[in-house]
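Have a look below at one chain only, the form predicted on its own, in structure tokens format.
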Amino acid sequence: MKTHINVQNLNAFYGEHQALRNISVEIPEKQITAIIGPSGCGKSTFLKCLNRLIDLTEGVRVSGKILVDGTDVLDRGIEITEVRRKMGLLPQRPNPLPMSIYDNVAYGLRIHGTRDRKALNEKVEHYLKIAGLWDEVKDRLRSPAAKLSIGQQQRLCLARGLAVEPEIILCDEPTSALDPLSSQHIEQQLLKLSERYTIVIVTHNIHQAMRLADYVVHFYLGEVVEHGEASEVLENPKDERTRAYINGTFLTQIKIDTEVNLKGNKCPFNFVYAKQALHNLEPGKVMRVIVDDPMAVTEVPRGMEADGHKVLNVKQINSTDWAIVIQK
């Protein structure tokens, strides 16, 4: 296993709150590494440190080293634009530029010097094919990207990111806002891309990690508690916290004071109803929320944490439903 990203003693602070604690891990080249763990454990912060998007957050402090091809991307003298070009980001929600499908993919190509019309046409087609979107949009390339479905927009964002020729693809819960068919499309493309790119994916979905990952890193409360080959970590975890997270036993060990079934609701109503239910509890009490809207899996925990509550766990309990455990 050849290491592509070598993280050494990485720490991250938001003011006085320490989000990452002495993270040291080696991420293999041209494999899919899944970052798993409950909400609020530092997964997304870790991803933002890799491509220095963490710099855009006011009041954050980061220490340690992140070596990519031997170069420390946290070095203050490094060219950040080049760091971010090397690491393409596929976000949770697709963010197509307010322009045509064609221009979304050509945008980065033009910035990096490709002006020839024939070369642009060939490259736009090439990257749309890699993202699995070409056959669906080849007859409407000049149409606004905003008219695409959410799943198609996410694949367009993938094509746009690939067009600047990154070495690494970072994915922050890239299918959480998508329907099952669109999620399957994205997963299939990531599996194909792992032959050429190093991929790091943050996911709440343990089943997705099982389907995709070659390597797994388990975060808990800002620390790495276990990492290794996916088959070993997911099938034979050594740390009991990893075992509990994978098996869902952590949920059963928590005393649940009330349960709210929000199946059938869509965001933002999931968060609104959960917040109303939590309001009736005393501080320290625990509520279990059941949802079947994929967007709620991330939006409810984030909203609760923003309100100062503690998200104890987020766990898929069957093919359609998730349990979110929140302590007031």
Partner chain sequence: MDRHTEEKLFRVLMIASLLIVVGSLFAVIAVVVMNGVSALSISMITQTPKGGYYLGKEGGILNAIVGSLYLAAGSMLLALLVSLPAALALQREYIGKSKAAYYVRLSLDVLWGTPSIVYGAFGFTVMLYLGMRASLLGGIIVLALLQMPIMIRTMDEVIKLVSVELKEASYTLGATRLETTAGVVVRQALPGIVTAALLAFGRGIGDAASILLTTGYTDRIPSSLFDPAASLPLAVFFQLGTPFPEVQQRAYASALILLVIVLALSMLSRAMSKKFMRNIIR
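Computed from a predicted structure; not experimentally measured. Numbering follows the first chain given and starts at 1.
Not pictured, yet referred to below: the form predicted together with the partner chain.
With the partner left out here, the partner chain still marks one of 106-114, 194-202, 123-131, 238-246 in the predicted bound form; by a 4.5 Å heavy atom cut-off that stretch is 106-114.
The candidate spot formed by L181, N261 and K266 lies out of contact with the partner chain in the predicted bound form, as no residue has a heavy atom within 4.5 Å of it.
Although the partner is absent here, R84 sits close enough that one of its heavy atoms falls within 4.5 Å of the partner chain in the predicted bound form. The partner chain in the predicted bound form is approached by R142, whose closest heavy atom lies within 4.5 angstroms of it. The closest heavy atom approach of V297 to the partner chain in the predicted bound form falls outside 4.5 Å.
Interface membership of L53, defined by any non-hydrogen atom within 4.5 Å of the partner chain in the predicted bound form, is confirmed. Here is the short version: of V137, L190, I206, L89, the single residue with a heavy atom within 4.5 Å of the partner chain in the predicted bound form is L89. With the partner removed from view, the residue among A146, M210, I78, I256 that has a non-hydrogen atom within 4.5 Å of the partner chain in the predicted bound form turns out to be A146. Contacts between 151-190 and the partner chain, taken as any heavy atom within 4.5 Å in the predicted bound form, involve R160, G161, V164.
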